[in-house]
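Only one chain is given next, in structure tokens, and it is the form predicted alone.
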Amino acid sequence: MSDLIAAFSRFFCSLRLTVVLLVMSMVLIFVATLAQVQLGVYGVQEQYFRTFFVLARIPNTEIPLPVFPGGYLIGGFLMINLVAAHVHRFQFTWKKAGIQLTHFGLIVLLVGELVSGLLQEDYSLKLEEGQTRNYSESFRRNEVVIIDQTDADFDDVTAIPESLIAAANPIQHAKLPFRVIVRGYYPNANLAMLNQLPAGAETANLAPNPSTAGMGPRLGLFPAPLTYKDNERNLPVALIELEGAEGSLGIWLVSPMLVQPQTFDYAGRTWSVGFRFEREYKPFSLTLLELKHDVYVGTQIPKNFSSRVRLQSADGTEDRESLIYMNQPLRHQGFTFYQYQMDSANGFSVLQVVHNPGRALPYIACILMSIGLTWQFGFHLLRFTRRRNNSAA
């Protein structure tokens, strides 16, 4: 057993392992940079760096096959290699203190990337001038919502994550007097009114649409490939059947593209059903007081975008105004609000909302590595200067 442990120790402490991992890191970054042209930043992060393996599908099948280690695997081995080398090979000396502090900063950087990859959440908050909202919407995730609208004072919302819709298992929620049965799901698709299709339009790409209620029977459904580009998002479509004790209430076609709610009455209550961008509610609200789109004098070249907002907490303990513009975000309760997009002609501003528990770690890592490198170079410079002065004497 001791020989086995010693073999593992030698393997993880090996300088050769470090070199191999660094080479694999360079190959991964190079290939991912090329793939970014097609996939965009988000797609590359998900498929190359925030994964244990880079997967490729076997031609003409949906079977994934690992073809290269992903960022999590390479980064994890690098961190283990570095820690193991310090535990078993390196000894602390003031001569090498700078290198050891730099390595510690590198470990903090790797941990920070892992924490960000696992826990960071990105949302958007679109506000029209004078509008108040206490929620933001996900850039990537969606949810089916069934809303009890009977009470005029509030909506009782039941949200079903898209992952459950994709699994296509029947869903029975305690708040709903009917079951939700998924009859079809398309992770990305386009919709068109059937009576507005151009004459001679290609209908061979239409997917089956068994909907019987709401707007669904009037819509044509065109499945589309998934996109990972930064300026695009997937718009899913689901065909869901609501089944009460007396039988089917109909099959509904739902999609984030359908803005108008589809309503129906059942069991003495009024309901609506829809598919929307996933929402995250917050214990405070933002009101857009004013937006500004400044340009350079005599041109239409943008100079600055800014949003003046009013932040109010739900318990009334906080009520303040803040100006958000480039490199000047609003930070509150772990959330950071950046100026993201703006349409001054139509009077709305879009903020990017980021929640990242590990956002301080890269700064800490950079400080540690800067101190370590300064110490190391300074220490050797001082020794070199002393030796030269002694030789001159």
Partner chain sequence: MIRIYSISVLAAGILYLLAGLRPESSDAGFDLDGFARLPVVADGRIKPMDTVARTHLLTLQGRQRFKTEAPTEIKRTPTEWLLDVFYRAELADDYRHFEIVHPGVLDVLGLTPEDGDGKKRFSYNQMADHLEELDRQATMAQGIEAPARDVFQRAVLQTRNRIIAYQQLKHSLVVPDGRNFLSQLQQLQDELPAGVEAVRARSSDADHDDALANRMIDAGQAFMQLDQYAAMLPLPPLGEDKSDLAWQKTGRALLGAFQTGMVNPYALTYAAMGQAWRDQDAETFNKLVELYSAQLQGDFGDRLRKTSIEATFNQAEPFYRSSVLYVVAFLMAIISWLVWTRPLQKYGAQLVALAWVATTIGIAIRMWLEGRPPVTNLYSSALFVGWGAVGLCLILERIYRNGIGTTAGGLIGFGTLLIAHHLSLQGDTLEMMRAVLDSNFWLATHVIIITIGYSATFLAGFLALIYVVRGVFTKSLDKATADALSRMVYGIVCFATLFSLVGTILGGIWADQSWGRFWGWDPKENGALLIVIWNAIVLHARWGGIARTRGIMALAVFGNIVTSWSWFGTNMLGVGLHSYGFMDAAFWSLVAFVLSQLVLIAVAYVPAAKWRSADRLARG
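The structure presented is a predicted model; accordingly, all values stated were derived computationally and were not measured. Superpose the two forms; the largest set of C-alphas matching within 1.5 Å is the rigid core. Positions refer to the first chain, counted from 1.
Not pictured, yet referred to below: the form predicted in complex with the partner chain.
Residue contact check for F348: none of its heavy atoms lie within 4.5 Å of the partner chain in the predicted bound form. At the 4.5 Å threshold, heavy atoms of L109 reach the partner chain in the predicted bound form. By the criterion of a heavy atom within 4.5 Å, F53 is excluded from the residues contacting the partner chain in the predicted bound form. The shortest heavy atom separation between F305 and the partner chain in the predicted bound form is within 4.5 Å. Of the residues given (L191, A84, L249, I99), I99 alone sits with a heavy atom within 4.5 Å of the partner chain in the predicted bound form. Checking N195, T317, T299, Q91 for any heavy atom within 4.5 Å of the partner chain in the predicted bound form turns up a single hit: T299.
Applying a 4.5 Å heavy atom cutoff to the partner chain in the predicted bound form picks out Q352, V354, R359, P362, Y363, C366 from 341-366, in order along the sequence. Fitting the two forms on the rigid core leaves the C-alpha of T385 displaced by at least 2 angstroms between this form and the one not shown. Superposed on the core, the two forms differ at G298: its CA moves 2 Å or more between this form and the one not shown.
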